[in-house]
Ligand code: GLU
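Presented as structure tokens, the chain that follows is alone, the form predicted alone.
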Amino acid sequence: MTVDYAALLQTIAAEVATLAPEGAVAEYIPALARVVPDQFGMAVATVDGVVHRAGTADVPFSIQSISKLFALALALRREGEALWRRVGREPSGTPFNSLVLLERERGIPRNPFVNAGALVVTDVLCRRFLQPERAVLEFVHGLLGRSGVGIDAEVARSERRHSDRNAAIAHFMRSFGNLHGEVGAVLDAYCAHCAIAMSCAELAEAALFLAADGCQPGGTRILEAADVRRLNALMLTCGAYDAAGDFAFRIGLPTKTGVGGGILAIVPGRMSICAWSPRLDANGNSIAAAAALERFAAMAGVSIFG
């Protein structure tokens, strides 16, 4: 089936416009609370390097937890299979910033996409790089083939000033020996890489290696194909936190969400997709972006489940 993606994105943007005012922005990070809330953008990047856009697809926003995906890919390149001795690969069934399971599981986070898991991944990067947040940013620059993307310093400072819960998670894991660096340094790096600002189009482009067996357009290998399959599996089962099952049911694609309102989705072998709208549901996922991806998967026939 031949799909006119440009026309399809325009249709979806019109359909979800009424959903953009639903939900609330992430007020627990004051800098995010000031974002213009009723925006919607969407982009599709195909494996041959073509990008289609609709709405505010070129407006940068704070990618927040989507950065965990890039940090994880970088850590896997450096650490390999040893990483999985410190981070699990199971859905949590709890909110992204929960401490509930950590004591029972002796400081081993359920997966790398909850905050606890991402802090362990950041700890790995802190031991590998002098400036781990810059390493994640430069990794993104390499994926894009250009260096225009940056860290929003205001968002990073705001997030760091309000990181008490993440500090509690980090100290708790350190008490079990699963955080090796100083908590303050890990939090600094974590808040900074979560504050990377990118547009839908840039995120879709940067994630193409996940749709192409580990290679970016042009043939540059980023990860081995087996690692990419595993990352996509983790996105499907854990990428939307305690809503991951609902996302798999509704959308049928590997996804990674962020409280900045972005949602990244992968169609293996074909494309990556990013939708963005700042207002969130109770799970911290964008209402309009999720609805847009659900429509796209159905209308384009791209669910991995057929």
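As the structure is a computational prediction, the values presented were derived from the model and not from experiment. One-based numbering along the sequence shown.
Unshown form predicted in complex with the named molecule; subsequent notes refer to it.
Every member of the trio 96, 159 and 166 reaches the named molecule in the model of the complex with some non-hydrogen atom inside 4.5 Å.
The contact with the named molecule in the model of the complex, taken as any heavy atom within 4.5 Å, belongs to 259 out of 54, 259, 244, 267. Residue 29 is the only one of 253, 29, 45, 238 with a heavy atom lying within 4.5 Å of the named molecule in the model of the complex. Here the chain stands by itself, but in the model of the complex one stretch of 45-53, 268-276, 244-252, 61-69, 61-69, has heavy atoms within 4.5 Å of the named molecule.
In the model of the complex, the named molecule stays beyond 4.5 Å of every heavy atom belonging to residue 199. Using a 4.5 angstroms threshold between heavy atoms, residue 121 stays clear of the named molecule in the model of the complex. The closest heavy atom approach of residue 136 to the named molecule in the model of the complex falls outside 4.5 Å. Contact annotation: residue 203 falls outside 4.5 Å of the named molecule in the model of the complex, judged by heavy atom distances.
Residues 190, 194 are the ones in 188-221 with at least one heavy atom within 4.5 Å of the named molecule in the model of the complex, listed in sequence order.
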